[in-house]
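Shown next as structure tokens: one chain only, the form predicted on its own.
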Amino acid sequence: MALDVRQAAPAPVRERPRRETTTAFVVSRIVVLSVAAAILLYAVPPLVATGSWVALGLLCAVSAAIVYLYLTRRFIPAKYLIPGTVFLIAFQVFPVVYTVTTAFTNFGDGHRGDKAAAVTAIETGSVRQAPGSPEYTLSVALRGEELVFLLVDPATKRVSLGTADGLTPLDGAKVGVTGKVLTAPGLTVLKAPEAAARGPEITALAVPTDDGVIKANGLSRAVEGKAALVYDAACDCVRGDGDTWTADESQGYFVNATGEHLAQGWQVNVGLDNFARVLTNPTISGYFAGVLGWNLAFALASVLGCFGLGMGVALALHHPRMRGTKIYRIVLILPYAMPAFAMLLVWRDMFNRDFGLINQLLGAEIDWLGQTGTARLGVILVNIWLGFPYMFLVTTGALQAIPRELTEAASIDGATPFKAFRRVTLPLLLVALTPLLISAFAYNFNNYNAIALTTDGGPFPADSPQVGSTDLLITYTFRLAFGAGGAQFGFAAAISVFIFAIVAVISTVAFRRTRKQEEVYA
């Protein structure tokens, strides 16, 4: 029986190619690991100081995982995927999740902390000086990063250290002729301008004593007083001033029998109240549809205007007979190179009725930004002026990627230049630029600067000072959430969710149509 050589011959063993390790690769890996280690180590002291042991344990686990991952030759794909995933979670997923969760709370001015912080703020804020209570000459100092009081008794000249934990004697302090402390061992005494800059911290600091608390009365005087409002844990209420305020966990307030509440509250979950407020409050929902309609028109006009103007200029400069294209391109890109906020302010002054350049050139006295029609036309024109250079640049790049043979073949087949553009060039441009147009629409839908720096939402009708003729949803939301009523982060987050839903629906529909277009022209 003949031996089959092909079967008998052993299969050649193919050695796995070894990856060449260059010096640059080693150095870059050391640098990246050093930076990551420095960032992780920087987070350790704050976590230890605050007793966040779970977070500290998680930090140690992440550090160990990073070291194991990048000091081994295995897990090559993970070396590239994990950093991208971490940044995706940190800068994309986390902000969205945090905004959505905030929309279900009453987070805002008066509701920034928990219930214990609210009780402390209510009690310390109601401190009143009793007749005959001690007064002190106040100096403000720093013990490390902690703000402390240096209190001098005018009668005995004794110096005491006042902190949030209490009052303790302080030896070795030097007192000046004005009665204020000049130096103190281990402390940095603040000068008047430095203390003034820390006004809110000084006002908030309360030094507990046996008979009440000591609070600052200005920057040079402190008095001891008692809280007029005191929390009673037995009834979960605040008593004082002849009234009782009971805790209402649904509102995050202490409420009395007549329905009035104390100014300071705490953060609670309010469910869908913020969303219901947008839809049912006539002050908000009555203008929502009108603002949304103008918002859509502004975004569409801006995108189509920028694209049309940018494409037209790009087509003109792309023509083979065009000369001096470099000079034209430099001039055309100037609006895009200018700081946008400065240009918006310049355009606002150019539209001024009394001394604006436009009225001077036209010899007219048109109140461009004081009338609804001209104000809307003005902000759209300014936005197109700012945005078309970018569209010009990307369209120029896309045109250079389209073979000239296609348009030449169309002309040989008898197509006119316009027909060749409409049937060949434009569809291919849209395949390349539609994702950019969708992102431009989303950007202009929330273009806060274009409105805030030109018209600030105006002109405003006499019967509605809250919503102006050029307000977008984003500027309208900002005025509602952070206007005269103080910051309402929960409510602002709820409207942001609405805006996100609108833009997401429009973008999804547009992307679906883009996909069909790509299948046709692929």
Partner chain sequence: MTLRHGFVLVVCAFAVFPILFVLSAAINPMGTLASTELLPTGASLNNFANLLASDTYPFGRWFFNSVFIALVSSFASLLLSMFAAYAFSRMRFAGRRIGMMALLLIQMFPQFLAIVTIFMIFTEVTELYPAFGFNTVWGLLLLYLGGALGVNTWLMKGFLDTVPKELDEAATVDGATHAQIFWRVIMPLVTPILAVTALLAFIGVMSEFLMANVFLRDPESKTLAVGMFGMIAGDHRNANFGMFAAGTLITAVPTVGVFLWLQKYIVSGLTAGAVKG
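Under this definition, the rigid core comprises the largest set of C-alpha atoms superposing within 1.5 Å between the forms. Values in this document were obtained by computation on a predicted structure and should not be read as measured data. Positions refer to the first chain, counted from 1.
What comes next is about the form predicted together with the partner chain, which is not displayed.
- Out of the listed residues N217, S411, N281, Q92, Q92 is the one that sits within 4.5 Å of the partner chain in the predicted bound form by at least one heavy atom.
- This chain is displayed alone, yet in the predicted bound form one of L304, A276, A116, V331 has a heavy atom within 4.5 Å of the partner chain; that residue is V331.
- Picking from 379 to 387, 159 to 167, 176 to 184, 130 to 138 the stretch near the partner chain in the predicted bound form, with a 4.5 Å limit on heavy atoms, gives 379 to 387.
- The partner chain in the predicted bound form is approached by L317, whose closest heavy atom lies within 4.5 angstroms of it.
- Put simply, T99 is close to the partner chain in the predicted bound form: some heavy atom of it is within 4.5 Å.
- The closest heavy atom approach of A43 to the partner chain in the predicted bound form falls within 4.5 Å.
- Using a 4.5 angstroms limit between non-hydrogen atoms, A492 touches the partner chain in the predicted bound form.
- Residues of 340 to 357 lying near the partner chain in the predicted bound form, listed in sequence order, are A340, F341, A342, M343, L345, V346, W347, R348, D349, M350, F355, L357, the criterion being any heavy atom within 4.5 Å.
- Once both forms are fitted on their core, a CA shift of 2 Å or more is seen for L56 between the shown form and the other one.
- In the core-superposed comparison between the shown form and the other one, L381 has its Cα shifted by less than 2 Å.
- With the core held fixed between the shown form and the other one, V86 has its Cα displaced by at least 2 Å.
- Relative to the displayed conformation, the Cα-Cα distance from Q264 to T50 grows by 3 Å or more in the predicted bound form.
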